[in-house]
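In structure tokens, one chain follows: the form predicted on its own.
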Amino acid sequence: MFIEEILQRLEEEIPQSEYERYIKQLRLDEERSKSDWIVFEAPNIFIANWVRAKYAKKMAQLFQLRTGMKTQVEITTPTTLPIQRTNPQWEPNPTPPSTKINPTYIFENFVVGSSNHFAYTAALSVAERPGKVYNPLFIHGGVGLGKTHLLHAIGNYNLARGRIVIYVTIEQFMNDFTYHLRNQSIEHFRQKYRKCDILLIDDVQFLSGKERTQEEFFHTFNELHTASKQIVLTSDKHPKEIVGLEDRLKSRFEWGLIADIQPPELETKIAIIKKKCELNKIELEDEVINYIATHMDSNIREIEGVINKLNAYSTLVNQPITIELAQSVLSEQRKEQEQSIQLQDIVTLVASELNIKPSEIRSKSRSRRTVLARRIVIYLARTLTPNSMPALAQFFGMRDHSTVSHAMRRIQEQIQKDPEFKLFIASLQHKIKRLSSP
């Protein structure tokens, strides 16, 4: 049967270990398969996701070469159905519920190091004496460094003591406000947010430019602060650096205490990995832990995701977690991330951070700010995406790729000699990666 021929051809083109571990566990679903729609069933969701992401496209190409027909390959599990060829129309939920506080985020399992000690101590003080010290507490730092963990830890500490705690992202606050405004139930909204003991708001930087929501949040802030109710806010940047935020809000955010969280040094990162393994009952050799710590960015959520993925693969294929498996998983993650990052998203983000229009970056303007923005986009695109220098030159309408090479060199030089600029670039990289995350 030609299915066996195609799988044999695939076996010749991919690593033998991956063929044995994943492809051999697939079963052809003859009932659902058609001439242009081939369905394989995997024994579980992890193997299905792996094959779908890494080899489904290649398998479809091999089918097309063999049959001459354009073919789609779908990988299912015993509890899933093939993806339909038509996309259903989904109705958005007009009022997404407030995010519940995660009971696993507590002070006891927050790994403290020199990079986050000040923020941790401030958060613990606020949890113990809400409304009495550091009101508001404003925690800022890069993506995945533990800001949300501290917010939830404050919430869990006070929920256990019978206090009324509300935790939401600023996006949820805005959606909630818009919904009640549209439905003429704004008093219900105000009762909810102004009658709590502790208000925890995540990602407050997204208030930028939202004038009507800023107005409402300003009054909510004043009501709570006057009543000595605790307010804790997080952001990826200092209040002064949030473009499009009203000065009166910036001023109030600075009334209490501002604490920053820096990327963890290697020792702290290793300690965090060990703590995550302990909490999730995952065993990793020191060699694997050190490899993950030295080859991954400081985003703790991404690190935890890799640890869980390694454990899942190890369990499913009944093999120990080796350094080779860690290398394979990290390599695959980087490849998937690079492929999902869109060049225009980088342009839009950099334009927002430097307070210029995205169209200016692709223009012929030679103003200092525009040239800097263009160079930063080129640097980020070359380091985070598979775009080649000729492709970038074409995107920006440049004569050849030598201009791209020059831009890369200038940014690298500035990173080496300017620590603040280096942190700025690292912050942009974190944000772009978050945009590409599912």
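Numbers for residues come from their place in the sequence shown, where the first is 1. Because the structure is a prediction, the values reported are computed rather than measured.
The protein also exists as the form predicted in complex with adenosine-5'-diphosphate; that form is not presented, and the subsequent description refers to it.
*Asks:* Only one of 241, 345, 216, 304 gets a heavy atom within 4.5 Å of adenosine-5'-diphosphate in the predicted complex. Which one?
*Replies:* So the residue touching adenosine-5'-diphosphate in the predicted complex, by this definition, is 304.
*Asks:* Please pick, from 110, 291, 189, 255, the one residue with any non-hydrogen atom lying within 4.5 angstroms of adenosine-5'-diphosphate in the predicted complex.
*Replies:* Selected residue: 110.
*Asks:* Would you mind picking out the stretch of 176-184, 247-255, 145-153, 218-226 that comes within 4.5 angstroms of adenosine-5'-diphosphate in the predicted complex, counting non-hydrogen atoms?
*Replies:* Among the listed stretches, the partner-contacting one is 145-153.
*Asks:* Taking adenosine-5'-diphosphate as it sits in the predicted complex, is residue 230 near enough to touch it, meaning that at least one heavy atom pair lies within 4.5 angstroms?
*Replies:* Contact with adenosine-5'-diphosphate, no.
*Asks:* Is residue 300 a contact residue for adenosine-5'-diphosphate in the predicted complex, using a 4.5 Å heavy atom cut-off?
*Replies:* Heavy-atom contact with adenosine-5'-diphosphate at 4.5 Å: present for residue 300.
*Asks:* Flag residue 284 as yes or no: does it have a non-hydrogen atom within 4.5 angstroms of any non-hydrogen atom of adenosine-5'-diphosphate in the predicted complex?
*Replies:* Close contact is absent here: in the predicted complex, residue 284 is far from adenosine-5'-diphosphate, nothing within 4.5 Å, heavy atoms only.
*Asks:* Would residue 105 count as touching adenosine-5'-diphosphate in the predicted complex under a 4.5 Å heavy atom rule?
*Replies:* Within the cut-off, so yes.
*Asks:* Select from 272-294 the residues with a non-hydrogen atom within 4.5 Å of adenosine-5'-diphosphate in the predicted complex and write them out in sequence order.
*Replies:* Sequence-ordered list: 272, 276.
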